[in-house]
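One chain comes next, on its own, written as structure tokens: the form predicted alone.
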């Protein structure tokens, strides 16, 4: 029998709510036809899809990244402000489409306010200039009698937007990126951008452009940018048609966070950097089916993908001292938990763990003990080899078998500041077996019944759709514990499931 041992006094650190962040990019139907659909009966007076807003609010998104992504490296923000009918229509070289610029900075800020989230703007370091980045900060945050602050006022926005988070470019290491640079050249350029942006508003926080967390790019950029940045960004997408590869590949993020934190500690010590530097995992998701297709990257997510998403969230919780911001890519239609058409929407499988974690994760992450059966990809000849060209590409930078063997139960636990509210998140990654588990509380007892929220479906390949919107859904149940054994009880976690257990303890 598996065993989970929890001591509410053994605390790793505080969980930052910003790990539940989101991301919207001018790509496919994410903005136009997703977030923003002018003329639709489902849209409000701003052109925002009300049904999407309602679904997004339930995810409790604390910070929203925009406008890219690859798109930002060719985006000039001044095209997207002022009278909408006068905005220029531009070619978008990142995604080979046309950009209407009807959704720009002012619309993004209004959307964040409607959603109740903090804006996070990534600046153009591809075709963009220092002057352009400085002007964007001044337009958003300026309070003086200056040109860009006055332009914002002229366009009807008297008060500054107070945008706190600013990214210094997107994936500037990649050959696919407009204006791609070597690590050395990026660092030199980013330092100058950082200086003028911080001089314009010293209160802003800057995110440097990292890669995967263990590359030479990451080392060089951290060495040079550490005096200027508050966060180092990492991006990761995982996925496989093989069930076990799919659910275990998120552990690449664990590798990245371990190595990147060591790099950060090293550079701060050697260079005498007093301010903290955290990781912003500002793009992450399961994404492999729709790479390089003409679908607008509209990935359709399975139950297995939902398990992988929960594993990512567990990793961010375990590494709460390192990762303080994370942004799921993306929010609507494009590799997203929310999927729309002109008549409505449905919630993809990955929506459910995102909602449950955002709703139930508590303030403090706990250092718990987990004992369960394991699975070793190195012993599985079927699982250990890619099944397509796409997976072959993914497997090169993101080997996973060397990280195993993996426990079939992936578990995190969090409690409130007083240790009275306990949440246990469990992913049973066994494809076939329900796993009976003993849960033991150390120096604590459950003082109420236990509420369980289970994400599951008929089999790991099942997907939600307009025709079958609840093939993967959440089932809520309650269980009473033996009054004589409030410190120890048994729970059986069903095969291929994500389960949240919530209880009061004392």
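Numbering follows the first chain given and starts at 1. Owing to the predicted nature of the structure, the values given are computational and were not obtained by experimental measurement.
One more form of this protein, predicted in complex with a small molecule, exists but is not displayed; see below.
Asks: Which listed residue (283, 410, 430, 106) meets the criterion of a heavy atom within 4.5 Å of the small molecule in the predicted bound form?
Replies: The option sitting close enough to the partner is 283.
Asks: Of 346, 214, 243, 237, which residue is found within 4.5 angstroms of the small molecule in the predicted bound form when only non-hydrogen atoms are counted?
Replies: None of the others qualify; the residue that does is 237.
Asks: Taking 4.5 angstroms as the cut-off for heavy atoms, does residue 247 touch the small molecule in the predicted bound form?
Replies: No, no contact at 4.5 Å.
Asks: Would residue 287 sit within 4.5 Å of the small molecule in the predicted bound form, counting heavy atoms only?
Replies: Yes - in the predicted bound form, heavy atoms of residue 287 and the small molecule come within 4.5 Å of each other.
Asks: Give a yes or no for residue 464: in the predicted bound form, does one of its heavy atoms lie within 4.5 Å of a heavy atom belonging to the small molecule?
Replies: Residue 464 lies outside the contact set for the small molecule.
Asks: Residue-level contact is defined here as any heavy atom of the residue lying within 4.5 Å of the small molecule in the predicted bound form; does residue 456 satisfy this criterion?
Replies: Result no; residue 456 lies far from the small molecule in the predicted bound form.
Asks: Have a look at 330-338, 410-418, 315-323, 143-151 and name the one stretch with heavy atoms inside 4.5 Å of the small molecule in the predicted bound form.
Replies: Flagged stretch: 330-338.
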